[in-house]
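Take a look at this single chain, the form predicted alone, given in structure tokens.
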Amino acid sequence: MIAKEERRLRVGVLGAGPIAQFAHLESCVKARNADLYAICDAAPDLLARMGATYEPRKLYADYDAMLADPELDAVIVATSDAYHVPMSVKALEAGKHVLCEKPIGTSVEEGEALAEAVKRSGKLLQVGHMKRFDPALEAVRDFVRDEMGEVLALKAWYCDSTHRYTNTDAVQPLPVTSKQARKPAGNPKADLRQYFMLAHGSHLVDTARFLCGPIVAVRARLREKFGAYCWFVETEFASGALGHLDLTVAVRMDWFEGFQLYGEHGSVLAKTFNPWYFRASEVEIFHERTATTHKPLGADGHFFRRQLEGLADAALHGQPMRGADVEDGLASIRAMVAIARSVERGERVELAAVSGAV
């Protein structure tokens, strides 16, 4: 077990559904510098089950009541996408730090409103782009920043698999569900283009930005065939680097995610695993000067716990926030909207000019 530090962030988790059960509740319990202080959910049976399992100090059926608790330091928003912005804004206005699941919103306007709320509050908001806390990808980021020199190009791919649930169901416990769970109006999967882009494309876009910096324009194509959706996206980075992003849901093969990165003084080849295996990426970092390849182990693969620890370090000790902030989250929304507009129009789209929903 990870030793707990003396000073710890008191965290309340909003939403006790699958993502909280698979990722956030355990992260609070295991984090070295945070505690699971409270759980809040509108479904009384689900709240009782999670309370009995994780034993937080407080259980709340009402979100406003949890936010009014002066002992609470931060909130993890682990709800459906439609609730991310309003629930995050409420927490910020109540003086709480926020870790919000990705995407932070479904439209540029939502993201801008949340960014304004963060500025007004003076509190921290971290977006749940947990892949930034993959230790192998952190090693790649350090190589790009310190040794690679000018980045020439990035090729990155995120391909969900038709067999992903066969694989993950074998290693995950069954989630506890409730017929009384609060759900947003409408079916979020009614528009699969939007759903797949928000659920999967947000990871791909953020990884590209994490490694290569801001994206300024895209040109995208989409092919829908036999139930599969395949986006090929040409990206232009502010640095001048070129990019090619492949988002495919779902490939008729195993989970396929990774990237190749070409630079002035070396290159990187990476393979990333389904996140529910809690396994760091396998990366090969090639150094041109010595003609040698470095392969970091990245043994600590609990990205969800590590992202919470990063927020707690920033909130408790004033350390720089290592995760994606609200501006990163907004930039991801802009990129996804630009991809959607480029598919619709068949032309290059600049991110600065887009508005509306994905």
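These figures come from a predicted structure and were not determined experimentally. In case it trips you up, residue 1 is the first one in the sequence shown, and so on.
Omitted here: the form predicted together with a small molecule. The next part is about that form.
- The contact with the small molecule in the model of the complex, taken as any heavy atom within 4.5 Å, belongs to Thr79 out of Gln126, Thr79, Thr207, Thr235.
- For the residues Lys189, Arg223, Lys119, Lys183, the 4.5 Å heavy atom test against the small molecule in the model of the complex is passed only by Lys183.
- Look at 38-46, 327-335, 308-316, 294-302: in the model of the complex, residues with non-hydrogen atoms within 4.5 angstroms of the small molecule sit in 38-46.
- The shortest heavy atom separation between Met87 and the small molecule in the model of the complex is within 4.5 Å.
- Although the partner is absent here, Asp73 is not a contact residue: none of its heavy atoms lies within 4.5 angstroms of the small molecule in the model of the complex.
- Using a 4.5 angstroms limit between non-hydrogen atoms, Gly111 is distant from the small molecule in the model of the complex.
- Residue contact with the small molecule in the model of the complex: Trp276 places a heavy atom within 4.5 Å of it.
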